[in-house]
Structure formats: C-alpha cells, structure tokens
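For this one, two forms of the same chain are given in structure tokens, first as structure 1 and then as structure 2.
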Structure 1
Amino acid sequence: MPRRHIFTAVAWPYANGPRHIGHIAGFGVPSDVFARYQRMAGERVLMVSGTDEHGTPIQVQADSEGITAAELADRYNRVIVRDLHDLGMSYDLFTRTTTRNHYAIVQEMFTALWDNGYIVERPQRSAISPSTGRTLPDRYLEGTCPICGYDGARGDQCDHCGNQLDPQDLIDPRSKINGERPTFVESSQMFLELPAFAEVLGSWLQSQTDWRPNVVNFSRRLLDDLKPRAITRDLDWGVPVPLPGWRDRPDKRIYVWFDAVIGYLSASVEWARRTGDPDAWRPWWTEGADARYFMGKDNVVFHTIIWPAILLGASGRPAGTPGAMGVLRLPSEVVSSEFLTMEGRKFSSSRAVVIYVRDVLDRYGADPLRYYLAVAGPETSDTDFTWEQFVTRNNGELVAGWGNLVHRSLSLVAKHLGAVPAAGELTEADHDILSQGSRAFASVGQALGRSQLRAGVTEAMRVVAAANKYLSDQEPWKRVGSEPDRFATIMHCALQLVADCNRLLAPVLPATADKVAAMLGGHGPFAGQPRVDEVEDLDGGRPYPVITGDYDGVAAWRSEPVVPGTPVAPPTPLFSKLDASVVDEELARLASS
C-alpha cells in the first residue's frame, strides 16, 4: 500500500506566558499521539506548529513590563519550546510567527485574496486608546451596561444580563489596561469577504460525516450569519499589509488571527526549505493528503470558517485564479477538544487557577501527564482534572498495571534465564494471550487513527491487564526448577506481550517506550524523540529555537517477534508511585498561589 501523506496541524500556542495543562490537553497530546501512531503505521507525517506572537495581548503585556513585544515573544517562545519539547511533542517543525518566512507567506496569501477580490477596504468604527493610538479590542473595554446597568460589562457583552452589546453604547466606557476613556474613531480596515464563501463552506461542511459532531454542528450554525470580518487593526505589532499606501504605514497591521492560521502553511514551507527541497511541502497540501487540525474548542471558528475561507480564496475558489502558493487543500478533519477544568473550576491564569506544564513535567515527568490526558482528557465533553485522579491513574494503571507487567516479566527472565527464551510447545492459554497482543494493533490503531485516544488507550490497557492475568494464572515462578521448558515458554510469551504492549502504548508513552525497548535488548530509535535546534532565520532575521526531529525508522505498528537469545538485564522501574500526600501538596499550591 502506498504511504499516505498525513499533515498534522497543531494549534499555535500564544506566546504571552507559559502554557498550562489545559492547553496541552486540547492541542498537544491528541495531536502528538495521532502523529506518532501514523508514523508507526508507516505513513508520511508532517507535523508543524509554532508560537503565535502577534496581537494586542502581547503588546499590552510588553508595555506593562517596559519591554518590546518582540522581547516578550522571544521570552515565551523559548519557554513554550522547552515545555513542548520536554513533553515529547514530535513536531517536524515547531517555529514561530515572527520569522521573515512567515511574514512573506502571510503577505502572499493576503495578496492572492486581494487579487481575487476577497479582501475589500471599508471604514470601521472602533475603540482606540488615545495614549497609544492602537485599536482597543472589545475584551479590553469595560463600562456600564446600557441595558441592565451592571458596571462590569465587557465591550462586546454584558456578563450580568448576557446581552450582546455594541461597545459604543457602553455608559462610561474605559480601558481595562489603564482606565482611560477610549475614543471611537472611524478608520479604514481590510475585510475578508466571508459571505462569498458561505456556499462552498456549507457544502464542504455538509460532506464531513465523520467529524466530531460538536465541531460540525457549531460550524454550520456560524454559516447562517457570516459577515465580512476585519483582518487588519490599528497596531504596530504584526505583519504589514502588502498593498501600496499600506505597506509602509506604521499603524496598520494584519490581525493576529489572520496571520496565525497561515502559520500552518508557512511552517510547512519553512520545513521544506530547511530540508533543502523548497517544494517538499506540496504533497501535504494537495487533495490526496490527509490534513488533520488539532485544537481546543475555542479555536473551532478559525479552523472551520476563517482558515478554509482563506485557503479557498487564495486558491481561486469559488472564483479567481490561484495565487503564488497554488491550490491548497482544505482540512480533511478538524479535531477539537473540549475544555479541561481544574478541580471543578475554569482555568484562569489571573486567578491562579492553573497548573503549568512545566511544573507537572518537573515533578512527575512527561509520560504520566500524557497518559492522563490521553485517557481522561476532554475528548468529547468538558472534563475535570483533579490531582486525586491523577495520582490514582498513575499508581493504579501506570505503576501497578503496565509498569508492573514489564517489571515482573523482565525480573523473572533476568534472574533465571538472562536472555529471551525460545518458546516450546504452546498451550491454549499461550495462543490466546499472544493473539490478544497481535490483534490489538488493529483495534487500538483504528481508535488512534480516528483520534479516539480514550478508547485506544483503554483497549491497550486491557491487553496489559490480560497479560498480568496470564502471568498470575500460569504462575511461572513455580516452574523455574521443576518445569524449565514450560517456564521458558511462559516467559517467552510474557516478553512478547511486553513488546507488543510497548508498541501499542508508544504513541502515548514515547519516553517509556524507548526505555522498555532498550530493556528488551533493542538498539536504535524506537519511539522517536524531538530535539531543539538553534537555527538562523532563513531570510536574514534573528536566530531562534525550533523543535524538530528525525522520526524515520520508528517502530512499526505491528507485532514483531521477540528474538530468543537477546540478553535481558534486571529492569529498573518505569514509573514512580505517588504518595497520597501529593494530592494535598498540589491542592495547597493551588490555594496559596
């Protein structure tokens, strides 16, 4: 079977701070498990992302710290790169939106849309901060609600009475940033003509029968009321507008969301250029490829409406001619996760309801976190994270389930045999357990290929449990001296199951998988691990770190026979049992931070 091209597009984390585990649960673990599975299954995967660094929030935060937006973005780009690398995210390229390559591609796409008539200039009335001259987004506006009189109404909506508001109607409007009264100024902005794509988007969405229902339903409703959307702002931090009279203006920039989604394309191009073949990205952007996009549900509108509209318009659809990037394929699936809540509350950095990825990695390691988020993450509905469940899953499933299977099997072999034994005659029980291992590749693979992590991991862990039961039933430790042949056969089967389960779990537990593979006597790459490279900007900009990796030669998604005679050393524990006091410690951290 020919290898398919599978584009794995991972939502771009915003570089205004460290990421918390809710972010990772939404875009991180699901995308990486999917990509790793597809690579093991033999497909050609291109997985890209980067930090999203433009926009008002970064500008505002930089101002408050007395540094430039670029300096702030540099800082958090580095923090996020380190977090995602340590989490084991196997990007082919994790870059950023402040590269010259990205600027160029964004401008190409803008130009293509402009040439096809899908971008038009219109006056727009918007709130401007008098002290900076910058657009003040609705989220930074507050005032008294003209409908109910509530004083904390946001610019676009009153949290008290729930009515949608026009910012200009706010009584006594003020900036949340510095309290000043905004001025409402009419200025020219560029608008993306979303209504022109309504019909094409409608039939495209209609044809998606196997997406998660929440994504399709939500998107179809949006189509009913599409309006042109401003894609520029009065701001000096962002990609310049590539038009005469606009290009050199210091106060007009492309809106952050327009440029951020184009990152999927620019990162693909950057990856290709770095491989030495500037066109190498194209096979992942043609109709024959599979293009999966992973994100939290707050990003759905950008991936099912705005990004497809950009792709369509720049490709000359529904009318026009393809731009410089050619005809670009639409997402084949938009995979959205719901939200993770934290001990019953919504994540909120400002209210210290937050668990940072870095802290979990440092204290408990990447794989336990990946495992938890894969098996108990917000796959189909909002899901609560509790430390108690984290500890319970870690101890009961990783330590006592999978870790124990590996440890007891390898201990017995190392102690009494020193190498993988050959199997003698197989009993029915032997055949049965071996068959459970080999058959699981189909069922677990099907689940992971459809981004059903919970089902896939649960199925793999069922095999782990069956193997533990097999050992308990066969009681090999009673046959060491009395029935050496039977002992060898049982242990051969046990090691085969360890090897099989290790592959089944490798997409979720890549670091652990490498350890187990090594303990079974393997050499060379097994799961494949990312690395951080410091690179030069390809077009003369500043250097920056990227996450990349060579994932060729990862273990195959099938049962491979263990080889008799391979030396087996005594194992070291794979996971650490967590004391119940961890729960109290972490809760205390939350409460006091």
Structure 2
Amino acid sequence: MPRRHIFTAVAWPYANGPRHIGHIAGFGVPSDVFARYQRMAGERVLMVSGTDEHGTPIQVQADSEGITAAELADRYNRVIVRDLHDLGMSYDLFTRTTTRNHYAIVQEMFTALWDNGYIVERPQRSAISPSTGRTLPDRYLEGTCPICGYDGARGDQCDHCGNQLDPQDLIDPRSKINGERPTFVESSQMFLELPAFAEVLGSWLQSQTDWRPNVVNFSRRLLDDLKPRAITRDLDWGVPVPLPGWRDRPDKRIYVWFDAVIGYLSASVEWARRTGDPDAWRPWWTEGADARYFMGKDNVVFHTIIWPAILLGASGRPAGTPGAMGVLRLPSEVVSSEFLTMEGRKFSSSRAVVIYVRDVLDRYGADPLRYYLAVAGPETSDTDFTWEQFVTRNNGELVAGWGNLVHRSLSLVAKHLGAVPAAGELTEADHDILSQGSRAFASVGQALGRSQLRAGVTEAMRVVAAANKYLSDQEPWKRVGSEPDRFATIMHCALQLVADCNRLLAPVLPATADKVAAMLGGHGPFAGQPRVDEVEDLDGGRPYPVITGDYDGVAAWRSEPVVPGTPVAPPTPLFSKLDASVVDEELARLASS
C-alpha cells in the first residue's frame, strides 16, 4: 500500500514570552503524538511550525521593555525553541516568521489574491493612542461586544460569542495597555473579501462530517456574517505590502493574522529548500495529502475560515487563476483543543496565573507532562490542571503502572538470565496476554490517528495493567529454581509485553521509549528525537535556530518478536515518584508569584 503524505501543521506560538502549559495542551502534545504515530505507521510526515513574530503582542512587549520588536523576537524565539525541543516536539522544521523566505511567500500569496480580485483597497477607521500617537493594535483594544453585549471583547474578535469584530465596532472601547479611550482616524487599508468565499466555504464545511463538533458547528455559524477584513495596518513591524506605492512605505504593513497562517506554507517551502529539493514540499500540498492543523479553540476562525479563504483565492477558486504557488490543498481536519485552566483559574501570564513549560521540564521532565496532557488534557472540553492530579497520575500510572512493569520484568531477566529467554510451551494465560498486546496496535492506532489521545493512551495503559496482573498471577520469582523452563517462558512473554507496550506508548513517551528500547538490547533510533540547528537565513537575513530531526528508521507500529539471546540490561528507574508535598510546594510558588 502506498505511503500517504501526512501534513501536520502546528499553531505558531507568539514570540513575546515563554510558553505555559496551557499553550502546549492545545498545539503541542496533540500534534506531536499524532505525527509520531503516523511516522511509526509508515506514513510520510511533514510537521512544521515556528514562532509568530509580527504579532501585536511583540510590539507592545518590546515597547514596554525599551527594545526593538526584532530584539524581543530574537530573545523569545530562542526560549521557545529550547522549550519545545526539550518537550520532545518532533518538528521537521520549526522556524520563524521573520525569515526572508517567509516574507517572499506571504507576498506571493498576497499578489495571487490581489490578481484574482480578492483583495481590495478601502478606507478604515484606525484606533490611535492619544498619549503616544501610535496605532493601537486590535488585540490591545477591549470593550463591549455590539453583538452579544459581552464586556471584554477584543478589537478583532469576541471570545464570548466568537464573532469577528473591528475596533470601531466596540462599544466604549479602551486601551488594554493604559485604559485610555482611543481616537479614530480614517486610513486606507487592504481588505480580504471574505464574503466572496462564503458559498464555497459553506459547501466545504458541510462536507466535514467527521470533525470535532465544537469546531465544525462554530465555523458554520460564522458563515452567516462574513465581512471584508482588513489585512494591512498602520504599523512599521511586519511584511511590506507588495504593491506600487505601498511597498516602500514605512507606515504600512501586512497584518499579523494574514501573514502568520501563511507560515504553514512558507515553512514547508523552507524545509524543502534546506533538503536541496526546492519542490519537495508540493506532495504535502496537493489534494492527495492529508493535512491536519492543531491549535487551541481561540484560533479556530483563522484555520476554518480565513486560512481556507486565502488558500482558495490564491488557487483561483471560486474564480481566477492559480498564483505562483499553484493549487493548494485545504485542511483535511482542524483539530482544536478546548481550554486548559489551572487550579480553577484561567491561565494568564500577566496575572501570574501560569505554569511555564520550562519550570515543569526542569522539575519533573518532559514525559510526565506529555502523559498528563494526553490523558487529562482539554481534548473535547475545558479541563482543569491540578497539581494533585498531576502527582496522582505520575505516581499511580507512570511509576506504579508502566515503570513497575518494565522494572520488575527486566530485573528478573537481568538477574537470573542476562538475556531474552526462548519461550517453551505456552499456556492459555500466555496466549491471552500476548494476544492482548498484539491486538492493541489496531485499537490504539485508530484512536491516535483520529487525535483521540485519551482513548488511545487509556487502551495502551489497559494492556500495561493486564501485563502487571499476568506477572502477579504467574509469580515467576517462585519458579526460578524449581521450574526453570516455565520461568523462562513467563519472562519471554513479559518482555514481549514490555516491547509491545513501549511501542504503543512511544508517541506519548518518546524519551522513555528510547530508554526502554536500549534496556531491551536495541541499538540506534527508536522513537526519534529532535535537535536544534543554528542556521543561516537562506536569503541573507539574520541567522536563527531551528528545530529539526532525522526521523527515518523509527520503530514500526506493530508487534515485533523479542529475539532470544538478546542481552538485557539491569533497568534504571523510568520515572520519579513524587512526594505529596509537591502539591503544597507548587501551590505556594503560584501564590508567591
């Protein structure tokens, strides 16, 4: 069967500060588990993302620190790269939106839309800060939503009802920076003609019968009130507008929400160029590919309405001719997670209600965090992170469950045999437990392939529990001297279950999977780990770090027999048992921050 091309598009984190675990619950762990599973299943995966560096939060944060936006982006790009690498995110390329390659692709897409008549120049009232004279970014204006009456709507969107807004739509608008009321001045801007795509978007969304209901239902409702949306702003930080009379203006730039989503395409092109084959990206952007986009629910509108409209218009649909990038594939699915709260409160860096990724990695490691977010994350509903639950799952499921199975099995073999034993005659109990391990690849794989992480990991851990019960029931430690053949058979089955469960859990626990594979006598790559490379800009811009990796040769998604005679090393602990005091310590840190 031909290998499929699986495009894994991961939402772009803002480079205005370190990421907290609420961020990676949405775009991080779900996308990486999916990509890792697909690679193990033998598919051709291209997983890309990068830091979003033209966002208005970048400019505002830079102003508050007295540095340039470029300096701020450089700093936090490196922070985020380090965090995501250490989390085990297996990107083929994690780049940034300030590369010259990205600028060129954004301008190509803009030009294609302009040539097809989907971008139009219109006047717009822009919000100005009276105290600074500068344009106030949309997301730094808030007020009352004119549609639902929610007091706290932003200048670009109301998170309560989900409708798109413009700053002048807000009732009683005010600056989130200093609380002042903005003044409005008329300025000429470029608008994306979203209503031109309403019919084709409606037909496309209507055909998505297997998406998560929260995504498709929300998106269909937005079609009733599509309006042209400005894609330029009076800013000096962003991609220049590629039109005569606009290109060299220092006060006009393409706005962040338009340029950031094009990053999926520009990152694909950059990856291809770095392989030496500039067209290598194209198979992931044709109709035959499977394109999955991962994000939190606050980004749904950009991926189910705006990005598809950009792709359609640049491809010459519903009317026109394809631009320089050709006909481009729409998303196969937009996989949106709900919100993760923390101890009953919404994550907020500004209010110090936050758990940074780096802090968890340094204190507890990557795999326990990945596991928690896979089994208890906001997959289909808002979920609350609590330190008590984190400790409970770490100790009860990772330490006492999976870690215990590995340790007790390998300890007995290493101590008494030193290598994988051959199996003798199998009993009904042996056949049953081996069958449970081999059959789980189908059910767990089906769940992970549909981004149903909780179901997939729960089934894998059910096999772990069954294997632990098998060992307890068979009591091999009592048979070492009296029944050596039976002891060897039981331990052969136990090691086979360890090997199978290690593969089943590898997409979620990649660092642990490598350790277990090595203990079982394996050599070379197993789960596949990312690396950070320092690279030069392909077109002469500033150098920067990228996350990439060579993921060829990862373990296959199937049960493979353990080989008798393979040396088995004495095990080392996979996870650390956490004391109950961790809960109080972490809550105290939160209270004092």
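Between two forms, the rigid core is defined as the largest C-alpha subset superposing within 1.5 Å. Residues are numbered by position in structure 1's sequence, first residue being 1. What you see is a predicted model; the values in this text were computed from it and never measured.
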Self-check item: Identity of the form predicted together with the RNA, given as 1 or 2
Solution: 1
Self-check item: Which listed residue lies at the hinge, T392, R125, P57, V216, rigid motion between structures 1 and 2
Solution: R125
Quiz item: Once the larger rigid part is superposed on C-alpha atoms, how many degrees is the smaller one rotated between structures 1 and 2?
Solution: 35
Self-check item: Core-aligned CA shift between structures 1 and 2 for D172 (Å)
Solution: 8.4
Quiz item: Once the rigid core is matched, what's the CA displacement of Y140 between structures 1 and 2 in angstrom?
Solution: 2.8
Quiz item: Hey, core superposed, how many Å does S131 shift at the CA between structures 1 and 2?
Solution: 5.8
